[in-house]
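Okay, here we've got a single chain as structure tokens, the form predicted alone, with questions on binding and movement later.
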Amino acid sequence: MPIAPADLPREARRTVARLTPGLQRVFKDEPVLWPPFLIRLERELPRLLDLLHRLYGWRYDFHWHLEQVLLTAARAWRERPAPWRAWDAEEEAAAAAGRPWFHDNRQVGAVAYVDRFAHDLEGLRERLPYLDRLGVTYLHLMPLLRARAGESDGGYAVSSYREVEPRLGTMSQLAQLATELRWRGVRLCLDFVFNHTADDHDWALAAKAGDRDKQDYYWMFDDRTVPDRLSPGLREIFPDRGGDAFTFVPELGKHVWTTFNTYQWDLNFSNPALFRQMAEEMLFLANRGVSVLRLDAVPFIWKREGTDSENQPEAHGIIQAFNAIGRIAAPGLAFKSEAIVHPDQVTSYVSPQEAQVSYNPLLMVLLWESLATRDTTLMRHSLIKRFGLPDGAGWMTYIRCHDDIGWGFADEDAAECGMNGFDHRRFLNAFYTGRFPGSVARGLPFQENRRTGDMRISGALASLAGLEAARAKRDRAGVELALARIRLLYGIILTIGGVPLIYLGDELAVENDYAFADDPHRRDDNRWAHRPVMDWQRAERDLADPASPAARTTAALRRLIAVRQDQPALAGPAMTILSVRNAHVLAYRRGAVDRPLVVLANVTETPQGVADAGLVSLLGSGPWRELVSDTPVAWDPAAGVTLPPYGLWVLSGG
């Protein structure tokens, strides 16, 4: 096998030739691992070299840092457990054939905090049959690495990337769980919080103790001169903390950049030593069986004076470089981007060379917007413009997540639909906090800015959809409408394109949990209202009653999942919005042109007719089959078809 093939760019060839002896020594005890490593190194090094040169090539010690990065990758591949190497090969083959796992219609995701869902990792193992019955193939466990004591931003103030929070279990237990999940056909996703660490991480403690190298891992300033120049351009993330993104740390005598909370210190990726260290932490988690890393807060990872220090080109370079390193040392590893920014910026992070999959926050926002307005105009317009992704990438679709809901539609999209974005957000805030007349939602205002009127919304699916309010009033008709809204939302995320994510508890129609107000570490963060502790005794009792909201919601969801997993037309992210001349109905086509499925979704509490003859050209003259209810649907040439309140139909031609 040639060491430096002629098709590699010249500098990459020289680099491979120069570093080969040192890299090959890493595998002296397992020489069989060297050839596959070298193949991937030769494939990825030109890209990695270019990225790192753009980021750090100005440094005199660039080549030393490059060598350390490649040695880190080599050691990680050597230490990668044999089963994961085999699964890597399967993932690479599927992606090369144009069939990445996240395009498979059989994929269904679930999200949970370990302690809230099952107490600890051992308790979670006992609940795996429950996830199997639901059809889950992807499990995102919310931050479970060791976090700072007391306030920890829901675990996003990480104190160690190599330890599990002790009350949840051990890293050994996590690795065993990951392997068991994969044998069951379930991929494990964990959060990779790489914009910041907790102020009690070992690096931060060393920095406080005077370690200059570790101080260079963070953004620190001797006085307020630079922070005062930077501050006017920075976005106010948490208005409740006062808007200052810099925290004075007495032990250091310095000001530390803290974008989110005062105890979360921003990492300095302009330092190549920090980059290499984070690559090592990433590969450590991959070798414990993490198949997907959710990249937290990606817009913030590169800072530049004179800007808002968000979405800088170098942020993309960092993620792409991590992508290349992952392909060398853990080729089955995938990234999921979390970027709650303008929709154009969301998609900028998604590609096979960066984050292969991403949350689709725009779809989530538009789902709730359409229910509040009973109108799909903004949704249809925005999805036509912004649902597409590069080949080889995919969406994660969801109704809500662990976080709050911010109304992240594009103002220009709203304007093109005749709306004022600022005013529309104020309406949505009023609607989902129950302040708007006639609203049945019971959301909570999160980080309300009294000066600007801005806020985000906390709340469980059932409470936002009206179930909490209806049950409190003993309003049977209201309960039926709320359950229909929930079914509609699930039906859309399961059919529109991407891997659907279920926040566990929502499938049981669990409402807001207001007990967070009694916890001194959580009472100032009402997002804990929609992160309830699972009451398994109540869940089992409710599931045994077919008439309960929990049993009905679960049954409806399982039926929708069955339809999704049975229909290859629902694979992949390709989706075409259809015009059906009724603004109350969302319509889209999935699958091949010759054998399409058509989904119709009524976002109102009244029946809605669809008389557009374009459906006949797609599905034929009928009779059609509605797959969720498994019933025939006849097309009336005069009247078309009529959807029930909040009805969702998945139609197949005759």
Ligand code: OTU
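Numbering starts at 1 and runs along the sequence shown. Computed from a prediction, not measured in an experiment: that's the story for all the values here.
Just so it is clear, the following notes concern the form predicted together with the ligand, a form of the same protein that is not shown.
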query: Partner-facing stretch of 566-574, 257-265, 486-494, 121-129, counted where any non-hydrogen atom is within 4.5 angstroms of the ligand in the model of the complex; finding: 257-265
query: The ligand contact at Ile340 in the model of the complex, heavy atom, 4.5 Å; finding: yes
query: Interface membership of Ala297, the ligand in the model of the complex, 4.5 Å heavy atom rule; finding: yes
query: Non-hydrogen atom contact Phe248 with the ligand in the model of the complex at 4.5 angstroms; finding: no
query: The ligand contact in the model of the complex: Arg386, any heavy atom under 4.5 Å; finding: no
query: Single option in Ala209, Ala86, Ala515, Ile237 placed near the ligand in the model of the complex, where near means a heavy atom within 4.5 Å; finding: Ile237
query: Among the candidates Arg288, Arg400, Arg527, Arg187, the residue which, in the model of the complex, approaches the ligand to within 4.5 Å (heavy atoms); finding: Arg527
query: Stretch 271-291 - residues with a heavy atom within 4.5 Å of the ligand in the model of the complex; finding: none
